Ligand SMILES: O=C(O)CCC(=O)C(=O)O
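Taking the form predicted on its own, here's one chain by itself in structure tokens.
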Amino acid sequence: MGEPDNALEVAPEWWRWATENLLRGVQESVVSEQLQAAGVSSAQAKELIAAIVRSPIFVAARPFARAARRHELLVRLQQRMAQAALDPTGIPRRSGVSAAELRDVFVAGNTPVILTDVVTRWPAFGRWTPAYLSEHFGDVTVDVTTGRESDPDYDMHAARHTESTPLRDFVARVEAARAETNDFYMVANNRVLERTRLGSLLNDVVLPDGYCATQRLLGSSALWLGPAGTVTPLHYDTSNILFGQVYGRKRYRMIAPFETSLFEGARAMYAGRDPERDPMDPVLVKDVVLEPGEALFIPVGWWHHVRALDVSISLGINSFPFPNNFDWYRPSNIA
């Protein structure tokens, strides 16, 4: 960059520090004062700052940094508005939500809601139990994840923990568990509804008019079955999801997408923090228990951590009759 000799004597970490702060909009005089407080001479600080701001790289980066700061302000404004407007303690429970209201209020508003009268109308509710699945589909071979407790990244490494077993044997293992365990679980990526005759279970799922594209229900639904104690780590999804709780209870810890601090330390779609063990302040966590017969609408981008409180059967659906693929939304992948 054609730096003066005095500036070249300054350690590289101070060059990086000064550049970052100048891009963040910190005044040159403030940066100079901080450099001098750290032992950089006045002449060195002046020359270093002048060299940075003249650099073609800095000139090119400045408009991008300015745009990023503006977006940060917008996110902070949305965060404050949402925290002021929404119930900070949980997710609202609603009945009688039409397809239009679901789309125009909760989908468009990126707002979670618990629907109390959707799953209760399914023939599946009251019919799907572990015993029922074992009796009617026990000979079906399903993929399940096992050995999860030996791997701290079990959800990211689901493929290496997958094994095939008759559903009858898996149900017997679930029912034999005498304590909570996260060691074995039939999770969404097993795709058993598409690959086996378990797909006929969707005949027991009848959604309100306009809630979903019926012709895509088979390819856009996922069955979950496991013992009490199964955990899905804190993560976000790239589509809106309607999560129906058919049997047992699950606890959801929900965090809005504007809590951008969660991107620090995140890998892929998984946060580097655990709301059950790590202090989350000042992040706002909405903690709710989904009861049997309730459905939770999880908007795209919302972080959620899930723990089964009982033996649990759940169905996730994302075949909404509107665009619902936001695979480009992967902010935690941005280096």
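Keep in mind that what you see is a predicted model, and the values were worked out from it rather than measured. From 1 onward, residues are counted along the sequence shown.
The next section is about a form of this same protein that is not shown, the form predicted together with the ligand.
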property: One stretch from 168-176, 129-137, 236-244, 101-109 that, in the predicted bound form, holds residues within 4.5 Å of the ligand by heavy atom; result: 236-244
property: is_contact(Val306, the ligand) in the predicted bound form, heavy atom dist at most 4.5 Å; result: yes
property: In the predicted bound form, Trp224 touching the ligand (heavy atom, 4.5 Å); result: yes
property: Partner proximity in the predicted bound form: His161 to the ligand, non-hydrogen atom cutoff 4.5 Å; result: no
property: Interface membership of Thr232, the ligand in the predicted bound form, 4.5 Å heavy atom rule; result: yes
property: Heavy atom within 4.5 Å of the ligand in the predicted bound form - residue from Tyr252, Tyr154, Trp122, Tyr211; result: Tyr252
